[in-house]
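Taking the form predicted on its own, here's one chain by itself in structure tokens.
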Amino acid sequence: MPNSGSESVDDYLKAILELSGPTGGPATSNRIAQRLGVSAPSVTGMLRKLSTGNRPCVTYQKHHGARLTNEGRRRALRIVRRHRLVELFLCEVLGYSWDEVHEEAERLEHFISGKLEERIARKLGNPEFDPHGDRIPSKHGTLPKRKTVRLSEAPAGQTAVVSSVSDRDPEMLRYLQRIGLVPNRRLTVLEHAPFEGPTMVRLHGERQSRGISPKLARAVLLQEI
């Protein structure tokens, strides 16, 4: 069973990985603090700790944010793999809905052994995607990149398929399920209303267009067909 210190380290590394995005840019202390619900001084102290030693997990410069080292990325992807496998296991085997699994996986990801991780993967047929459309890192610590764009940034007139949606807000996930804005659903972006107005889309199979709020549009990633 991991101790609280190793759990905290895993949470920091996962947060940096997610906040860095596909380009691997720096994650600022303020954004890390907001993501983890801790104080800025606590983040600074942890980042300094993680950037020292024989195998540092991050590179950190004050006022410039933190980036994962190869060691840090490997460890972050390991915990992300376990998180996403647990989410899928809860949905497919235990009958959870996709809006219930994130918090459960947040707790369980720290307590899964490598043996159990691989048995879950085999049971699920070594899946590539979690219930929300996110790729599951391989057991070798790799994560293939996908060229995606946020719905809020997709050009008007583009036809695309929903790649993934954020799993952090259960109420939002229930709403997306209700309107059918889910992974693998095709849609056409019609227009972005100005002044923080809605993004108008037409889901394939529906006649009427639908307005998507800016918050929702930022939480949905699209992949070109």
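Because the structure is predicted, anything quoted here is derived from the model rather than measured. Residue numbers run from 1 along the displayed sequence.
Missing here is the form predicted in complex with the DNA; even so, the following discussion is about that form.
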The DNA in the predicted complex: contacting segment from 62 to 70, 188 to 196, 175 to 183, 162 to 170, heavy atom within 4.5 Å: 62 to 70
query: Does the DNA come within 4.5 Å of any heavy atom of A156 in the predicted complex?
result: no
field: Exercise: S51 in contact with the DNA in the predicted complex, heavy atom 4.5 Å
entry: no
message: Is V58 near the DNA? Define near as a heavy atom within 4.5 Å, in the predicted complex.
response: no
task: Indicate whether V38 is a 4.5 Å heavy atom neighbour of the DNA in the predicted complex.
output: yes
task: Scan 16 to 31 and write down, in order along the chain, each residue with a heavy atom lying within 4.5 Å of the DNA in the predicted complex.
output: T28, S29, N30
